[in-house]
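In the block that follows, a single chain appears as structure tokens, in the form predicted on its own.
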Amino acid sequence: MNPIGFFDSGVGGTSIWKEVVQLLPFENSIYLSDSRNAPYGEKPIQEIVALSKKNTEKLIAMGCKIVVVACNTATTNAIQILRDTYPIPIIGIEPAIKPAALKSKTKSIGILATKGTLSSELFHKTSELYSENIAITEVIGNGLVALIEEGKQNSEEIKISLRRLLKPMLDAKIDYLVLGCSHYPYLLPVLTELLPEQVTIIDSGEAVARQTKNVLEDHELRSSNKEISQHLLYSNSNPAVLGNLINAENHSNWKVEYLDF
């Protein structure tokens, strides 16, 4: 049974991977954590595109029937090139600006994302589409990805950074915070602690999972197998951080290993 392929600039895309695995329990998967090159958000566009193509080609070579780009920066800078280059369906992930803008009562929302996402053409088009009568406070999450890659998502260092990053959003009276990086859902416990109750945190995980299901069905690629699925997760840096983040030791059908790619 051909697997669903995933890649991210590191471990953060597992937040997307978990949503897809939960929605599609009989699909096998392969996940590539390109932690050696993390974070993508601070790299030039040409390098982001090259890394995205490298990862996509590796997943195709491993037999994947569809690829989920579980990285906001890679999606906003490379998704159209990937779709134009490769013959299999490519799913992207974008910040959930639309639902936040439509639901906001204060007409003020915040977006926490990487520099690479916030400066991309695709992000600006999406933002302009839904920003009429909405104030959007954009903040670059400098240093957050690196700390999560080190397994420090609950550290005091993270809390200090987030207090500083959230201040302009709170000053703007936001009632929705959009997480524009697939690493950031791993900050939910700390964000919930630091934010007022009236601020709702929103990310793209569930929407990406539903889109993956729809595309599989549209292309008649959905698995008809009802056996326990197998999941292979590879890191080209530190597989221990990846394994700990997803609690791999509690799942016999999840294998986490080092892979040089």
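Small disclaimer: the values here were computed from a predicted structure and weren't measured. Position 1 is the first residue in the sequence shown; the rest follow in order.
There is also a form predicted in complex with a small molecule; it is not shown, and the following applies to it.
*Among 52-60, 212-220, 37-45, 227-235, which stretch sits within 4.5 Å of the small molecule in the model of the complex, heavy atoms only?*
Every other range fails; the passing one is 37-45.
*Taking heavy atoms only, is Cys181 within 4.5 angstroms of the small molecule in the model of the complex?*
Taking the distances in the model of the complex, the answer for Cys181 is yes, it comes within 4.5 Å of the small molecule.
*Give a yes/no on whether Ser120 approaches the small molecule to within 4.5 Å in the model of the complex, heavy atoms considered.*
Looking in the model of the complex, residue contacts with the small molecule do not include Ser120, since no heavy atom lies within 4.5 Å.
*asked:* Considering non-hydrogen atoms and a 4.5 Å limit, does the small molecule approach Ile91 in the model of the complex?
replied: It does not: once the small molecule is placed as it appears in the model of the complex, Ile91 has no heavy atom within 4.5 Å of it.
*Is there a heavy atom of Leu187 no more than 4.5 Å from a heavy atom of the small molecule in the model of the complex?*
Contact check for Leu187: no, nothing within 4.5 Å of the small molecule in the model of the complex.
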